[in-house]
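Next up is one chain by itself, shown in structure tokens, the form predicted on its own.
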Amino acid sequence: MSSNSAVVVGGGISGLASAIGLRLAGWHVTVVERAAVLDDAGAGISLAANGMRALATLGVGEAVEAAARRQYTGGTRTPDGRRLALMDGAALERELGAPIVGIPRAALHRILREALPAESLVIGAEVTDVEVTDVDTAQPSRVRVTYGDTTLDADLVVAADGIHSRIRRRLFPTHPGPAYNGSTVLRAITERPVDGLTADFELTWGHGAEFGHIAFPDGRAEWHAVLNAPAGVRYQDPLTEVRRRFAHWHEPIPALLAATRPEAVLHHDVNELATPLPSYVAGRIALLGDAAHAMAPHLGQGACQALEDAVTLAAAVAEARSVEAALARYDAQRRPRSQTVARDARRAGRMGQQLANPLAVGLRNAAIRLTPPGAMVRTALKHADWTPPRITPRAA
């Protein structure tokens, strides 16, 4: 397609990545982010091979690897420290040709922002109106986007405005939206390096609770505690509550909590789009990331699927003869895959962290111990084995 313009609503991972991809496709892009201060809350993140391949396609893979720590060691344990499954990140990297890494979310956001020209980013502005194109019109007009006193006409609007997407609500008013999945998460990045932290990535499953950590290159780590709880539960002193809940769990859990400042702890409920959307597109609007398929965190695929969205959309608009054809291709390629991953993430939570019955927990743990390593590897590869399309603009 010839040079076109796009407005991306949302400056998170999916929005920034889609803007980078669209620029590679030869488009003029404006990213509108409502937050006035980019604090990049979210602690840390793991990126599997599919996410790293997407980042490489966008031209930022090397920068992300330089700021991240490869996840070679660790696995899954029980609260008393017994090993359920051992992680072999090096074998997975050889199999997939890309590493699994852990990186502070703020570092990933910074790298993505730095890949865009400063004039492409509009910070502290909230989109108040998007003129939705009639999907039945044979030759739809450009989409009009309003924020503040500014109005832009664009050939494409990318709705990357998160799990509570206003644009999604407008496009699909009868969809029930995000639903609480029964888990609440407390997380933080340690203030200092943690002595004795040998595992790059580790999960520990108890009864209706999970504790995990992601190690970073500087010796600090992100930890998260996932608990079964009613929606909206909050604690007066979150760090003290986590220390109480996990006081008798194995090291390095106490050390991770001891290296954390109370004010660093973030707390949010896990919400997901349990009811799949009927489409990721409407007219000249495309939904990406959490706006399209917010999922439970139990497979660590949320950000990776958002990155896949960004690359797939960019490749489609680069090659297709029209925006409509590009969005049809994007929806056909992304909706089945991402909704399958979301469904599997929900199942993984029910069989992992959310499982609370002692007998069921014991049976699960025994089954994991008896599973051959090869089968565990195939499970790990199931969603990470993805080949990104090339972003190659068509000749004018």
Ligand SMILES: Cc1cc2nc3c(=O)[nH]c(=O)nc-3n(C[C@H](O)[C@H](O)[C@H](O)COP(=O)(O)OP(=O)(O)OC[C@H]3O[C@@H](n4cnc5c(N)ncnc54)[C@H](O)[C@@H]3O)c2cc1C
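We number the residues from 1 along the sequence you see. No experiment lies behind these values; they were computed from the predicted model shown.
This next part talks about the form predicted together with this ligand, which is not shown.
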Just one of 81-89, 120-128, 237-245, 175-183 has heavy atoms within 4.5 Å of this ligand in the model of the complex; which? 120-128
Which residue among 77, 113, 166, 220 has a heavy atom within 4.5 angstroms of this ligand in the model of the complex? 166
Is every one of 34, 45 and 160 within 4.5 Å of this ligand in the model of the complex, counting heavy atoms? yes
May I ask you to state whether residue 187 is within 4.5 Å of this ligand in the model of the complex, using heavy atom distances? yes
In the model of the complex, is there a heavy atom of this ligand that lies within 4.5 Å of any heavy atom of residue 25, even though the partner is absent here? no
Should residue 301 be classed as touching this ligand in the model of the complex when contacts are defined as heavy atoms within 4.5 Å? yes
Counting only non-hydrogen atoms and a 4.5 angstroms cut-off, does residue 210 reach this ligand in the model of the complex? no
Counting only heavy atoms, which residues in 14-31 are within 4.5 Å of this ligand in the model of the complex? 14, 15
